[in-house]
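Only one chain is included here, represented as structure tokens and corresponding to the form predicted on its own.
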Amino acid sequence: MPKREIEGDWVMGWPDRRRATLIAGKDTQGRVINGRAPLVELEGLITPTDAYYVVNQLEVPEPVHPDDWTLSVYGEVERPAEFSLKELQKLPGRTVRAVTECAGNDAGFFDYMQKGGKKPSRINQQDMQARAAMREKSAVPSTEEISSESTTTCAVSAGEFTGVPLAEVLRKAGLKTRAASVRTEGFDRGRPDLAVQYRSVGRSDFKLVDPGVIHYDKGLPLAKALDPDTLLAWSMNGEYLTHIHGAPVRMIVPGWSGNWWVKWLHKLEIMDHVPQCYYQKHYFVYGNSPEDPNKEMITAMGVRCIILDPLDEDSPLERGTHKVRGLAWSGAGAIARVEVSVDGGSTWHDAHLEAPREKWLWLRWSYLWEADRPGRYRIMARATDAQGRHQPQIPWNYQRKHFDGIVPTDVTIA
């Protein structure tokens, strides 16, 4: 007897298939505080909201009702102001479709590409509940504990965001000539979890700066703040933001990694310099080591291209025609080309790029592979963006941020 196709009140039409959902970690109150997207289970371009990855640097705040929310705009402006949500929605709106990627997504591949060893899996096997429990303890892990943890994968999603360009709000307030940046602040508050930073480095035998209790903030350079696609968004995937994704209003900074997409926004301070916010001076930086005196804040992502089918775990495969497929995106705009190799990089072939090919959204690509001989094969894919940047762009850095290397898939044809 076939299994039922009903999930709740809906007839799904796909026997035995349920909706893809977040691999989540919850706090002691049962609230989701982190999660990874089930990347290999998804189709299309837009990640369902319930499957969208979640990362928070500080404690998840209590919700603020939209009717009680205000946004303060002050500093180097002619007309300091406060906006309610209804007032913000009266300004000219805009919708942007974009990839959101955690700066630490796929960090473990940096180590794999340099040192070998076990390859991280895109089949999300991370125990997010264990990570949530560690977060609540705020214990500093030992280097041995860090080395035994699974690496961060699947901290990437893509969505459609509706709001108002930040530039419209700044125009309304009137920028002074000294304006150089916008410090965006969320109403989330807490003490940075130093254990998270130690894990990003892969060791804990050095001292970190502890700023005490702070609000999450970022100093967005003015040029990116004035980009028409940089939004103050109240909607995600066609509905109002959920609390865990930053409601009532959050920042959308296309092309730049998720640490710039400040959630639970409540203040915009226009400044005459780029401030040294904790999360761009001490964390989310490039550098050769914790002692590097020339650390640089990270901004735009590199060029990414990942293989989703086949995976290593699908091996062995039967002889015949196989569709190699995946996703590609860039921090500098649209993808112009994807190439595929099935012989470990000796020869390369252009992949088919599916429409639409949008500026900030990833695209789906595919290549038909005639696998008519048994043996072991190494499949690789690489991307080039519209700015002419080739994968990879980002070198190894001690916090292992913005990985964009070419990760092979190893399969056997039986």
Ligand SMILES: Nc1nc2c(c(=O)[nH]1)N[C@H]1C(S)=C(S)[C@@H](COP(=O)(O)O)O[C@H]1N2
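None of the values given here were measured: they were computed from a predicted structure. From 1 onward, residues are counted along the sequence shown.
One more form of this protein exists, namely the form predicted in complex with the ligand; it is left out here, but the text below deals with it.
Residues within 4.5 angstroms of the ligand in the predicted bound form, judged by any non-hydrogen atom, belong to 257-265 and to none of the other stretches in 257-265, 165-173, 338-346, 81-89. At the 4.5 Å threshold, heavy atoms of Tyr53 reach the ligand in the predicted bound form. At the 4.5 Å threshold, heavy atoms of Asp193 stay clear of the ligand in the predicted bound form, well away from it.
Residue contact with the ligand in the predicted bound form: His245 places a heavy atom within 4.5 Å of it. Contact check for Arg250: a heavy atom falls within 4.5 Å of the ligand in the predicted bound form. This chain appears without its partner; in the predicted bound form, the one residue of Thr49, Ser366, Thr70, Gln57 with a heavy atom within 4.5 Å of the ligand is Gln57. The contact residue chosen from Gly108, Gly75, Gly186, Gly302 relative to the ligand in the predicted bound form is Gly186, the criterion being a non-hydrogen atom within 4.5 angstroms. Taking a 4.5 Å heavy atom cutoff to the ligand in the predicted bound form, none of the residues in 10-46 make contact.
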